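One chain comes next, on its own, written out as structure tokens in the form predicted on its own.
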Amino acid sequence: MEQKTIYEFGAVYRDTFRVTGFYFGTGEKTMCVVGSMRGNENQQMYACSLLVKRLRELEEKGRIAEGKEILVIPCVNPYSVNVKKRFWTIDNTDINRMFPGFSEGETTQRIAGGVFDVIKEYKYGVQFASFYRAGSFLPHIRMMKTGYENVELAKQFGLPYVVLHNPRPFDTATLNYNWQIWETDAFSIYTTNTERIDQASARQAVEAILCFLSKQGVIRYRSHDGYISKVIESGDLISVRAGAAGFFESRVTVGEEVVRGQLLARIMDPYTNEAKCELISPVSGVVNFLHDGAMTYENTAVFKIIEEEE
């Protein structure tokens, strides 16, 4: 393992800003894994730390194939992590909306550009991603539909679902999208949480990456094949929205199978604790996303359900 600073700049009142990468093996730029890009992505950084540990152990045992290089970047935004702020500390911009970056632009554009210059030539790219809405996920692979996506390759991670997503205008400035445009096979892995660490979910994600690398002949690793992944479109997920604002009391968990007509949650009045509305499942299926905040606003999507096939 070799630890390198892949991008840095000086600061007037703080320590130098550094993005650190961990290199395993040498030769062809085979896989790059990126963790936290936002200050609250603790789970994503934790999953990368587990991956660094596992790859170091494999390298020490000589189990990384000759001529293959793997790069892991646990955190792209350490400043925001240090002050517990989701976006860039000065202007609240999102690094993952700045790719492919611009070396003469604003700070977050420069960071994105400096990092992308290092990682854009890797054959495979994986990002431990988080959703813009707070909540818990059923672990899955997500891919942008750019015309370059490789669904069969995504199945080789062995996670339960592969979700295909039609990019919206702002998605064109994300890492996943630009990796694909630069001809990297790019995948986003969603684990259960963002701010809270879920060790089991993080280990599942790391095993999925090791399983993928084993199938590509990059490492020698005895892994389980995992799930036979089901491919779904993000637009086919059924949203259940809160009918009122108030305390959110869920009656189900992520990954739970529900049936049409089942009670999913109640929204409670924050002053009187009377039920303001009940949320009923419109379909039978599996809970893919669950709002995990104490309160919710009216019309907020608090569940996303993968509908069961007839």
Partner chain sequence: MLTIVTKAALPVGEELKIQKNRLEPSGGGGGKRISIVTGIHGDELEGQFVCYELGRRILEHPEYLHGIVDIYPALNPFGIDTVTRGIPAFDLDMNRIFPGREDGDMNEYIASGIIRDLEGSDLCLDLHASNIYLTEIPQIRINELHRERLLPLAKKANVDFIWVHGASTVLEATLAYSLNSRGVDTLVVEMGVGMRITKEYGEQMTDGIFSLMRELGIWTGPVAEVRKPIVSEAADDVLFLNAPCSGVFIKDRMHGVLLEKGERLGRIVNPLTGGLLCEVKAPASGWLFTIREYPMVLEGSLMARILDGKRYAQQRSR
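Positions refer to the first chain, counted from 1. Quick caveat, the model's predicted, so the values are computed rather than measured.
Unshown form predicted together with its partner chain; subsequent notes refer to it.
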*Which listed residue (V52, V283, L58, A245) meets the criterion of a heavy atom within 4.5 Å of its partner chain in the predicted bound form?*
A245
*Which residue among F87, Y221, Y161, W182 has a heavy atom within 4.5 angstroms of its partner chain in the predicted bound form?*
F87
*Among 269-277, 41-49, 253-261, 62-70, the region lying within 4.5 Å of its partner chain in the predicted bound form by heavy atom distance*: 269-277
*Does any heavy atom of G105 come within 4.5 Å of a heavy atom of its partner chain in the predicted bound form?*
yes
*Can Q199 be called a contact residue for its partner chain in the predicted bound form at 4.5 Å between heavy atoms?*
no
*asked:* I'd like to check something about K120: if you look in the predicted bound form, is any of its heavy atoms closer than or equal to 4.5 Å to a heavy atom of its partner chain?
replied: no
*Spell out, yes or no, whether the shortest heavy atom distance between T172 and its partner chain in the predicted bound form is within 4.5 Å.*
yes
*in the predicted bound form, does each residue in the set R18, G235 and E307 place a non-hydrogen atom within 4.5 angstroms of its partner chain?*
no
*Within 4.5 Å of its partner chain in the predicted bound form, which residues of 288-307 have a heavy atom? Give them in sequence order, or say none.*
M295, T296, Y297, E298, N299, T300
